[in-house]
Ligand code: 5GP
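Here we start with a single chain on its own, the form predicted on its own, put down as structure tokens.
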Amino acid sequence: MYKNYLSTAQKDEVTAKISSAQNIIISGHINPDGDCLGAALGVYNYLKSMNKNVTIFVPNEFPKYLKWLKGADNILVFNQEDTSHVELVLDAELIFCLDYNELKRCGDISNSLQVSSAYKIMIDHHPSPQDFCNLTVSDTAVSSASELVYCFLKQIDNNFINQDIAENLFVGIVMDTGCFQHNSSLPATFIIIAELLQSGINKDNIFNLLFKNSSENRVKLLGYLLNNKLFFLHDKKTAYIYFSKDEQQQFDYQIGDTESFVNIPLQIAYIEISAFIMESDNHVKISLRSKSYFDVNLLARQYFNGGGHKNAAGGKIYHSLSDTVRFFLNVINNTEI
């Protein structure tokens, strides 16, 4: 079975905090993904069922293919120049920090979080959590923040589940495990999935919305990148793709269009590491994946100002795209793989 993460005293304290709080903030990380949004909207829909005033803040826009999630139209992009946004954080009695465990991962809202007197709860599954919350629920062995949210809600309210909550948490688990390809070896993950399905969610429709809902441009972009921008370091068991701003314009790139592209080279038998390197306005973003033994989290932390999990991590670097590609090649060539 899945774990109970709260002691009796913590459970009583959290239950009391939720019961007494009227104004609650949920915050997610930079470049919010399916797990971040699934966890946030799972908590959001639970709190709304209790008639709480709840606001979800994320640091920047999230992919279009996730905008169908129940409650997603209520998510706000935090703007520290907007006094109403800052006041919402400062007036909150309770704040949930979901799917991140260090303040730099939540963008501009971090300044307001630090000065807020609200009771703060972190629910996250990344390594090395910082100590900035009153309560930390952390387990790196768990598939996703959404799975941890399930365990957290189940412990404080055994009857918390409804179809909207189940759908959101299901999406979070599916997306962060790559449809159960990684971070999903614990039987508890599948017990939770079974319980979410029992709520009546339509698994097939969810998969269609997540994976069979692309634009023509996205499919053409994938073909272009695989044919023209996929390169190999055969002796290092590494594949990499790089994607420039000019190419993004050419294919009318939208946030989320390259989601999961980094995983495709791992289909090649001998490839252990895959990297997707994408130019942004003032930095270059790098996504890293590994198939089995190699820890890309260590690589992301040491060289790319990032982090993540053993087989899935990322970061960014403040160089040109060409310089970043050269730097990446130098790092790989000097790394034992």
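No experiment lies behind these values; they were computed from the predicted model shown. Quick note: we count residues from 1 along the sequence shown, nothing fancier.
Although it is not shown, the form predicted in complex with the ligand is what the next lines describe.
Scanning Asn305, Asn53, Asn60, Ser49 against the ligand in the predicted complex with a 4.5 Å heavy atom cut-off leaves one residue, Asn305. The partner is absent here, but in the predicted complex a heavy atom of Glu102, alone among Asp164, Asp108, Asp257, Glu102, sits within 4.5 Å of the ligand. In summary, the region of this chain contacting the ligand in the predicted complex, judged by heavy atoms within 4.5 Å and restricted to 310-318, 19-27, 5-13, 325-333, corresponds to 310-318. By the criterion of a heavy atom within 4.5 Å, His126 is counted among the residues contacting the ligand in the predicted complex. By the criterion of a heavy atom within 4.5 Å, Ser287 is counted among the residues contacting the ligand in the predicted complex.
Of all the residues from 257-276, none has a non-hydrogen atom no more than 4.5 Å from the ligand in the predicted complex.
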